[in-house]
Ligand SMILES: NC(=O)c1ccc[n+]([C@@H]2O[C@H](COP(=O)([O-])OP(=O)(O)OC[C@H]3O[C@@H](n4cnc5c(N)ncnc54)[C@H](O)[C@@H]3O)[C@@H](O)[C@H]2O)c1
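Take a look at this one chain, the form predicted alone, written out in structure tokens.
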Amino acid sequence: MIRVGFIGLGGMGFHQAKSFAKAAGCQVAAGADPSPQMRARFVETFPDAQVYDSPEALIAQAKVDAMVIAVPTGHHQPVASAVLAAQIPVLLEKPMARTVAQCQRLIDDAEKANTLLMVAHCRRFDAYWKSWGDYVTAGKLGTPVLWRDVRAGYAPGSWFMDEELGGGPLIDGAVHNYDFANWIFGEPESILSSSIKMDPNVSAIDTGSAIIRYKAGHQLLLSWSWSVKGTTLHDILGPDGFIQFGTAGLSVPDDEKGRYQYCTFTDRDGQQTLIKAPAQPDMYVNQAEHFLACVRGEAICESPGTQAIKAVAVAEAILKAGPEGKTQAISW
């Protein structure tokens, strides 16, 4: 039984704890958060767990075999570095850190401690996204491929729109897209970015658009806002066909409803094919099970810090270039 501790018991930390509780061979053993309300909620759900008011207290007093860290992004590096120094394997929420320099510090600390550092890029464990990703990597869309993602809404919380703590949607939210694109497209090369300020009361860039270019010739086109409402566009285009989320009006067998999620592939001749993926277990449970397997030495980490740093590098380039609408090379 692997005893897992959780640092940060807010929305994402609490959700991770509930996901780990569904994984075989895991005990939710301890949690730390400065908020009495978050600690009380955690204990109500996990009555056998110990709770602490700081990461330092949990690290020093709790006997855990692994740690999940879900604090604001600006605190990722110092908290994770302290856990790694104690040689406790870490699952660190995305983005890996606020800057590439902080990411590199974590990679160095993990190497020095000879301890696992996995980053919670949950889409790598999402059967739904992997189903269309497999179509892309199998060449069924041809090459090059253009992935388009446009969305708008409001920030999930106040610290997300703080420049130092969260950095806004172009790092905290869209980092899922950067990492998944890096996974299926290969090395990112450069970006063209432009940002617009919709809310003058937040310090982070709240609205921006970017084209991320990959060495293989593919592109990710992304436009996100966390200060306005708007429509959503999400598709993947190639010279031999395109993929859209949902069934595109195609019928689904009654015995599959609720059991699967669907994308639709349309080829050059207009022939449509459903791409289906099981709805359960969800990506967070899959991620938890993979992390635990890595802790046990039964698997090789599929989302290591050495890969996650590349997604932060994309975000850093976009945020740097956005205010002046420039092109920026991506480096890490």
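Quick caveat, the model's predicted, so the values are computed rather than measured. Just count from 1 along the sequence shown to find any residue number.
Below, we refer to the form predicted together with the ligand, which is not included among the displayed structures.
With a 4.5 Å cutoff on heavy atoms, residue 10 counts as touching the ligand in the predicted bound form.
Remark: residue 45 does not count among the residues lining the ligand in the predicted bound form, judged by a heavy atom distance of 4.5 Å or less. Looking at residue 79, you'd find a heavy atom of it within 4.5 angstroms of the ligand in the predicted bound form.
Of the heavy atoms in residue 238, none are within 4.5 Å of the ligand in the predicted bound form.
In the predicted bound form, no residue of the candidate spot (222, 310 and 325) has a heavy atom lying within 4.5 Å of the ligand. Though the ligand is absent from this view, in the predicted bound form it lies within 4.5 Å of a heavy atom of just one residue from 292, 38, 301, 28, which is 38.
Proximity to the ligand in the predicted bound form, taken as a non-hydrogen atom within 4.5 angstroms, holds for one residue of 262, 242, 160, 135, which is 160.
The partner is not drawn, yet in the predicted bound form one stretch among 138 to 146, 119 to 127, 248 to 256, 211 to 219 has residues with heavy atoms inside 4.5 Å of the ligand: 119 to 127.
Residues of 52 to 72 lying near the ligand in the predicted bound form, listed in sequence order, are 55, 70, 71, 72, the criterion being any heavy atom within 4.5 Å.
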